[in-house]
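The chain below stands alone and is given in structure tokens; this is the form predicted on its own.
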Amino acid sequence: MAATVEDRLKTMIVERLFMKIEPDRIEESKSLIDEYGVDSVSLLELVVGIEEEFGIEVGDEDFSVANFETVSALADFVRKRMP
């Protein structure tokens, strides 16, 4: 069974940000910034991770807090741009 976009995002977030949490412990609706300590530098790392993991390009116009607030928001963003 293929991993969902959300599962792939959680794994990528934990690996790229060296978080000390299991990917499945990240709640999809909780704020990555407020709950998990993601800061502006981390957000840039997530952009690179999304581009590599999903083969999509994240433009400057896409870089808004709303797209990166939660795993659910990230998943919606990725799905809209996937081929």
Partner chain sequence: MREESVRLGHANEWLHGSLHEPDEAARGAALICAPLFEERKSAQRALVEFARALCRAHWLVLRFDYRGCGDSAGDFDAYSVPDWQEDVREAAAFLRARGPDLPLALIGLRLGGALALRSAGACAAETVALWAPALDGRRYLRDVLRRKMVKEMMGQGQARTRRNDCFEDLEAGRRLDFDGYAVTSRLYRDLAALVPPANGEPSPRRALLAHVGPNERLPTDLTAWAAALAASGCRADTVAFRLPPFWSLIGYADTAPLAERTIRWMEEER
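Numbering follows the first chain given and starts at 1. A quick note: this is a predicted structure, and the numbers were derived from the prediction, not measured.
A second form of this protein, the form predicted in complex with the partner chain, is not displayed here; the remarks below concern that form.
Using a 4.5 angstroms threshold between heavy atoms, residue 64 counts as touching the partner chain in the model of the complex. In the model of the complex, the partner chain sits within 4.5 Å of a heavy atom belonging to residue 39. Put simply, residue 26 is far from the partner chain in the model of the complex: not one heavy atom of it is within 4.5 Å. Among heavy atoms of residue 22, none comes within 4.5 Å of the partner chain in the model of the complex.
In the model of the complex, 33, 38, 39, 40, 41, 43, 44, 45, 47, 48, 51 are the residues of 24 to 51 with at least one heavy atom within 4.5 Å of the partner chain, listed from first to last.
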